[in-house]
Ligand SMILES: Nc1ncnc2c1ncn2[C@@H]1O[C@H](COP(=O)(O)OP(=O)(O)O)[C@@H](O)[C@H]1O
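One chain comes next, on its own, written as structure tokens: the form predicted on its own.
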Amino acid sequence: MIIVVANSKGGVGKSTIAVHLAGYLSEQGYSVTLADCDAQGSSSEWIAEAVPNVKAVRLTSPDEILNKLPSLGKEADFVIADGPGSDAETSRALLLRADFAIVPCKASMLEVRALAQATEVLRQSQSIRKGHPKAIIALSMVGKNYSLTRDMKDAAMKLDLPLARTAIVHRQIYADAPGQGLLVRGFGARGREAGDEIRSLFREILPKRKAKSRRASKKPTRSSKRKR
């Protein structure tokens, strides 16, 4: 399954979600590849330190994405693609190959209303692919006491996109994690709340039809049977 984290606007937490999702799925026993499609290349550097067993690749052009993403999807249970902040053509290529899309958005009416423009490429891809990829809006960098207003729900409904109930709270630890080469859970007690909320988000939004873990589905060898 190819999951794209996409929003044509920068600074909304795409890399945070992509890297932590790759780490979360790896913890569940899945083989995971992170495709870093942002020119800055920050997520591939981050995941290499934080979760070395997750394969990281850089895809730097729309043609490279269209040509290589399907084969990456056949080699791993999950490919998590971190999209760029402003390159519409790269985003379009990602969404044309995606099975599922997560659209991070800050929790303010201005940001939610701006999604109409930010998700234009998504809607174009869904039109071409007859409704695919399915997508969900994930609120990120919200205040600790935020409330999901009726206006925000209505704005999301007009885009015909579901809105995740779980939100990622604005915490300093998310900003510190890349520089330390860690996921938030790697900070111990300090990262417990952040780790709990991000796992809760992933449990909520991941598609029901998840690929079967190759690691879990391997048949026991004769030697392993003898050991039992």
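Since we're looking at a predicted model, the values are computed, not measured. Throughout, we count residues from 1 along the sequence that is shown.
Same protein, other form: the form predicted together with this ligand, not shown, and the subject of what follows.
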Consider the chain as shown here, without its partner, and state which of R192, K68, R171, R199 has a heavy atom within 4.5 Å of this ligand in the predicted complex.
R171
So in the predicted complex, does M141 come within 4.5 Å of this ligand, heavy atom to heavy atom?
yes
Does L21 reach this ligand in the predicted complex, with heavy atoms at most 4.5 Å apart?
no
Would you classify L206 as touching this ligand in the predicted complex, given a 4.5 Å non-hydrogen atom cut-off?
no
Out of the stretches listed (29-37, 54-62, 158-166, 175-183), which one is close to this ligand in the predicted complex, meaning heavy atoms within 4.5 Å?
175-183
Who in 1-35 is close to this ligand in the predicted complex, meaning a heavy atom within 4.5 Å?
K9, G10, G11, V12, G13, K14, S15, T16
